[in-house]
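We begin with a single chain expressed as structure tokens, specifically the form predicted on its own.
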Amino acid sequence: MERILEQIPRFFTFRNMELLLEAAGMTLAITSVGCIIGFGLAFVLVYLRQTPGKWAAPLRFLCIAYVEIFRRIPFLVVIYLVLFFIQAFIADASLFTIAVIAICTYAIAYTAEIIRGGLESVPREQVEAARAMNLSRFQTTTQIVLPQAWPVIIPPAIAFAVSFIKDTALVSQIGVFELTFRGKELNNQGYSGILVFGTIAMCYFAISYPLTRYGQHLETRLATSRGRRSARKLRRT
């Protein structure tokens, strides 16, 4: 304890806090970019997975295989797979790009299941009614199914992204200058591990907690709006 108290003035300097702030920005950036791109590609994967017809059976199999495989591989292994695969073709690829691709690869598999569950929550009768009106499959998905599925998709998708902020600590294993990597650097400089990683833990909390609260607020708001729409439909009937 005496050592920690003696190091506090030297640890909380402007330079160290600037390094931690930059690392927190890196953590948030790679998580946001990777999850947003992964979320968009997950929509494409789900759309392809739901393609009807016997001719699309191999396509559906590949989509299902991707989800099932990457949902059962540890994220750290995915990071190294992406690292070695990219370096086999591009020797000077940036670590930021490698980290984003790894996060994107992992996020696609998990958010695809969230999106699929949201799309399938829409009553089948509405899809059949859209087909009876000669709407194409793409029009049915974008104009009928997706607007109703958003309240089911968005809250767990945000929860996944927030929880994944903690998992970005694993990209420090390949040298990305995020929070955990900076914590290791400061610890190697002689600062107490309790002081350093206690501060790192508070940084993760400061990033995650507001996003978690926002996700909860959005979930309540979407649930309320969905309930209002259901009430209007009951009054009309």
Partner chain sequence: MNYTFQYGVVWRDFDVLIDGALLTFQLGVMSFWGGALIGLFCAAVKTYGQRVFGILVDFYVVFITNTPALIQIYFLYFGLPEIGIRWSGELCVVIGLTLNAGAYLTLIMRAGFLSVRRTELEAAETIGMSRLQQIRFVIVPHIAKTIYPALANFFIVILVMGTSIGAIIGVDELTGQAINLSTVNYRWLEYFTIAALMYVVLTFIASIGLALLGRWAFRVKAKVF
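Only a predicted model underlies this, so the values are computations on that prediction, with no experimental measurement involved. Numbering follows the first chain given and starts at 1.
Although it is not shown, the form predicted in complex with the partner chain is what the next lines describe.
Asks: Does the partner chain, in the predicted complex, lie within 4.5 angstroms of each residue among F11, F96 and H217, using heavy atoms as the measure?
Replies: Result no, not one residue of the spot touches the partner chain.
Asks: Is the gap between T31 and the partner chain in the predicted complex 4.5 Å or less for some heavy atom pair?
Replies: The answer is no: T31 has no heavy atom within 4.5 Å of the partner chain.
Asks: Is there a heavy atom of W55 no more than 4.5 Å from a heavy atom of the partner chain in the predicted complex?
Replies: Output for W55 is no: heavy atoms all beyond 4.5 Å of the partner chain.
Asks: Taking the partner chain as it sits in the predicted complex, is Q50 in contact with it (heavy atom to heavy atom, 4.5 Å or less)?
Replies: No, Q50 is distant from the partner.
Asks: Given that the partner chain is not shown alongside this chain, does K184 nevertheless sit within 4.5 Å of it in the predicted complex, heavy atom to heavy atom?
Replies: K184 belongs to the contact set for the partner chain.
Asks: Within 96-114, which residues have a heavy atom closer than or equal to 4.5 Å from the partner chain in the predicted complex?
Replies: Only a single residue, Y106, comes within 4.5 Å of the partner.
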